[in-house]
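So this first bit is one chain, no partners, the form predicted alone, shown in structure tokens.
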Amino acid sequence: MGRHRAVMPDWLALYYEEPLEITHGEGRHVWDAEGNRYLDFFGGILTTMTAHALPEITKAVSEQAGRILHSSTLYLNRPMVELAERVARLSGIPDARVFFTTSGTEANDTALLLATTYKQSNSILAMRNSYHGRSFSAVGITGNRGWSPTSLSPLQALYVHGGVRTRGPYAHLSDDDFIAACVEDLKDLLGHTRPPAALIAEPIQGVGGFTSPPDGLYAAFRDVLAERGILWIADEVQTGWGRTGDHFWGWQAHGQSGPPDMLTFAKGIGNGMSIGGVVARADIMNCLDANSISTFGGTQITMAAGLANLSYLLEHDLQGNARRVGGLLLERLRAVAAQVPHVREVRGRGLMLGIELTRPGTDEADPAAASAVLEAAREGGLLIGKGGGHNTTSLRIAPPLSLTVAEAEEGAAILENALRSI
């Protein structure tokens, strides 16, 4: 830890009072340098989506490494084309084109470049409490103060209501009235500004604490946007590939108006390998009038992992498993939470669940309680995450999608003890 602090930035956060080094993993478990075994309910920030040390993926990576690791996008690349073909079909976007990057930040950065070039506008609609990455442009449209270190930006960001159902001025409304109020707010906002290029939105806000609007909100937004020629970008970096259980993509919970114009992805598709990307209609993707390449986006070694991982999760119906096991875990945690005064809400879907903590009897965030639960869960052998936006603190629970019922019960029992400890 001393060596880490000597050479790494001060703002590079570490979990836990005594940070741990994870040395290896298998299935849904990892081990630290001291030999302690943990049930992993965070998966490297939703990135180890399928399982640790999955033989099908390690074999594909090993075999590809024995041929060639990398050549850049300047040459034809069979694994990249094969994965792009599969992602394009799965996206639901007609006449889709795919561009691979190395991270979700870079994917969203690319989507913003495409949208602003295509619409000739540097104005972007984003959701309050949102997070879209750490690049200069992504930070500039992030609606979460805790993850936006500068007000400088090449873009003009306009923030919209709706990403958080149970807080804010519309929280008391029914779902239908909540959607109607957010739509009216969007229309009012658009009446005061020049037409933005796009709305970028996470179907479930990740860093913001796994918050989400009622199903159908973004379909209602899409109707308003389409009338005005404004694009819709679905940020699927955390919600894609079946994690929500009910749908393969998060946008499909709002799919009444059809697919988005663009979607971005990353994290889970590589099961730990660095893959991100953008899917867009051909006319949008092809709008750039200058040269562009990606040195490491689409490199052969990561594409081999992505192909093996995608095949595994589809063949083993991990989306269905996320729905079934995630549903059991959600109900189990809600039963526990009903007996813990610090818990304001247990929310989410599939294997993407959040527990919001407040000071008992109030709506005030309790960061100390979240840290205490994080520590207690680790002591019990469970790794989880945390997040939240303005005046919120939430625990984030996102295990690999191959989680078993027995492991879900084990993790819930550890979480129950951790929550009761505060």
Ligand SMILES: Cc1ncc(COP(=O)(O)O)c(C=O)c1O
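Residue numbers here begin at 1 and follow the sequence given. All of these numbers come straight from a predicted model, not from anything done at the bench.
Although it is not shown, the form predicted in complex with this ligand is what the next lines describe.
- Only one segment in the set 178-186, 337-345, 125-133, 248-256 has any non-hydrogen atom within 4.5 angstroms of this ligand in the predicted complex, and it is 125-133.
- None of 196, 213, 104, 298 but one reaches within 4.5 angstroms of this ligand in the predicted complex through a heavy atom, and that residue is 104.
- Contact with this ligand in the predicted complex, defined as a heavy atom within 4.5 Å, holds for exactly one of 309, 108, 244, 302, namely 108.
- Mapping the unseen interface onto this chain, residue 267 counts among the residues with a heavy atom inside 4.5 Å of this ligand in the predicted complex.
- Residue contact with this ligand in the predicted complex: residue 202 places a heavy atom within 4.5 Å of it.
- In the predicted complex, at least one heavy atom of residue 207 sits within 4.5 Å of a heavy atom of this ligand.
- Mapping the unseen interface onto this chain, residue 284 falls outside it, with no heavy atom inside 4.5 Å of this ligand in the predicted complex.
- In the predicted complex, the residues of 223-250 lying within 4.5 Å of this ligand by at least one heavy atom are, in order, 235, 237, 238.
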